[in-house]
Each structure stands twice: as C-alpha cells, then as structure tokens.
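Have a look below at one chain only, the form predicted alone, in structure tokens format.
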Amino acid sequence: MKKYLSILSMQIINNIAYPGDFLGRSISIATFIFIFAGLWGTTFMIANTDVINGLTFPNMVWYFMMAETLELGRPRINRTISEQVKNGEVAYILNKPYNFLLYHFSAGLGDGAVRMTLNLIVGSIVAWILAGAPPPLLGWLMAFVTLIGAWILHFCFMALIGLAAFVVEETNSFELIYQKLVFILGGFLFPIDMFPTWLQNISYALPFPYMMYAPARLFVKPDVDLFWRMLGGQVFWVAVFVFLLAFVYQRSEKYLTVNGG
C-alpha cells in the first residue's frame, strides 16, 4: 500500500502547489451557492411558506452547499484515461508495477481531498452568511461517513466511463449523460424529497441517490433510519460496481489500441 499512499500524497502536494487554482475553485462554489440561494429564496417567497416537503430555506442552502462540494470534488478520471489513451501514455502506465485502477483511485483521492476540503470551507462560509448557522454535529458526522461512500461510487462510475476510452477513446458524451442522471435522479439540483412518490421509488432503485442525495440530505436533517438505509445502499452498489469494474477492466485491455504503436 505504500506506493498508493505515495501517489495520494504526491497528488495532494501537486494540488497545493497551485494557489491560483484554489482561488478559482473558491469563486466557483461561492457563485453557485449565491445563485441557488436566490432561486430558493424566491421559491419560498412565492409559495408563501417556510417549509416545503419538510425542508426550510436554510436546509436547502446547506443541502446545496454539500451537494456542490461533492460535485466539484468528484473524480474525473475518465478524462485522464481518455487523454492517456490518445497520447499513448497508457502503455507506459500499464507496464508499471501497480494496479492501473488503484493508481487512478489514489491519484483521484488525493485530488478530491484537496478540492472537497477547500470547497467545504468556502462553501460553509458563504452558506452561513446567506442562511444562518450550519446543521448540528450529528449531521456533519453522518454526511462525512456517507460522503466517503458517495465518492467511491463516483469513482467507480468515472472509471467505467474511462475504460470505455480503451475502445472509443473519447468519453465526454458518456460523462455528460452520467452527470445529468446524477443532477436529476441523484438529487443534486433539488432533494429527492421534492419528487412525486413514484419518481422517488425509481430513484431509490438506482445508484444515483447514494452518490449525491445521501450525504447532502443527512447533513441538513440527520436521521438514523435514513442513515442506515443510505449506507446500506452505498455498500451494495459499491460491491456491484467493484465487481463490474474488475470484469470490464480485464475485457477492455484486449480491445486497447495504443496510439503511436
């Protein structure tokens, strides 16, 4: 495991070395929270109510802050793998004495840790200014646990999309479809609580709520029963996608054509 820890720590150092990138990310999440706070504030005002489907305006702002933190910090290794296939670097990496997927997992985790930490700090400051004090400590704890599972699920999906580059090279279209599914069925744009019952049932039967809704919803309104349900769903889907990743990786290597020979 030492080599993967080294990859992780090196990725963290590389991210910290560029403070300008940090500033850009800070501006990004601050802008998004400000815009969505305005939209939800108008929604609550037009509805002439303080609560919509059990969630208040402060709940919605803090919910979006956590969801946006995860979205901006999720791994985008499909782009890295696609670029490595295009320029032939993948042949060099595959011959290294480490597992290809674990290499990308370690690098992505190092990158995501820095991104999410920064987004969480800046996002919390902006949300506190716009919507008041943050949720209770229990919400932070539940969110942190399910955030780990959500990130791993995001990695699995991105890795599957990235492995498609072994066959088609360009994977941006697949990522776009995946992102929109997470935005809608995963509860990014608004909590699944806002869905009609039939659409909620469909969403819970898919992996997307466990990738976004779980940490954000438990963050603003911690619930023990929901926590165990979300955690159980994450464990199930992680097991499914780890098996699928192993299978697809073995198959995709046979179809890989490295540019340049």
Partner chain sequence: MRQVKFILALWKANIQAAMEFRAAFFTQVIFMMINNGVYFIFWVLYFDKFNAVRGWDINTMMLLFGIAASAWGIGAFFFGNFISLAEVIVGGRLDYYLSLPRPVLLHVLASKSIGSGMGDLIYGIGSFMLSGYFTPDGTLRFLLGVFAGVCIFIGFLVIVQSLSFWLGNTVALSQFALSALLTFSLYPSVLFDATTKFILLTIIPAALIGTIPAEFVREFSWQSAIQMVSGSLVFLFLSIFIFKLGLKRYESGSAIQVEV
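Positions refer to the first chain, counted from 1. Fair warning: this is a prediction, and the values are worked out from it, not measured in the lab.
Quick note: we don't show the form predicted together with the partner chain, though the next part is all about it.
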Report summary line: If we test each of L181, V126, V167, L109 for a heavy atom within 4.5 Å of the partner chain in the predicted complex, the one that passes is L181
Query raised in the report: If you check L160, L189, I152, A113 against the partner chain in the predicted complex, which one has a heavy atom within 4.5 Å?
Result: L189
Query raised in the report: 229 to 237, 216 to 224, 30 to 38, 203 to 211: which one contacts the partner chain in the predicted complex at 4.5 Å, heavy atom to heavy atom?
Result: 30 to 38
Query raised in the report: Are all three of N99, F144 and I148 close to the partner chain in the predicted complex, meaning a heavy atom of each within 4.5 Å?
Result: no
Query raised in the report: Contact between N87 and the partner chain in the predicted complex at 4.5 Å, heavy atoms?
Result: no
Requested in this report: With heavy atoms only and a cut-off of 4.5 Å, decide whether F174 touches the partner chain in the predicted complex.
Outcome: yes
Requested in this report: Examine T43 and determine whether its closest non-hydrogen atom to the partner chain in the predicted complex is within 4.5 angstroms.
Outcome: yes
Requested in this report: Sequence order please: the residues of 185 to 215 with a heavy atom within 4.5 Å of the partner chain in the predicted complex.
Outcome: L189, F190, M194, F195, P196, L199
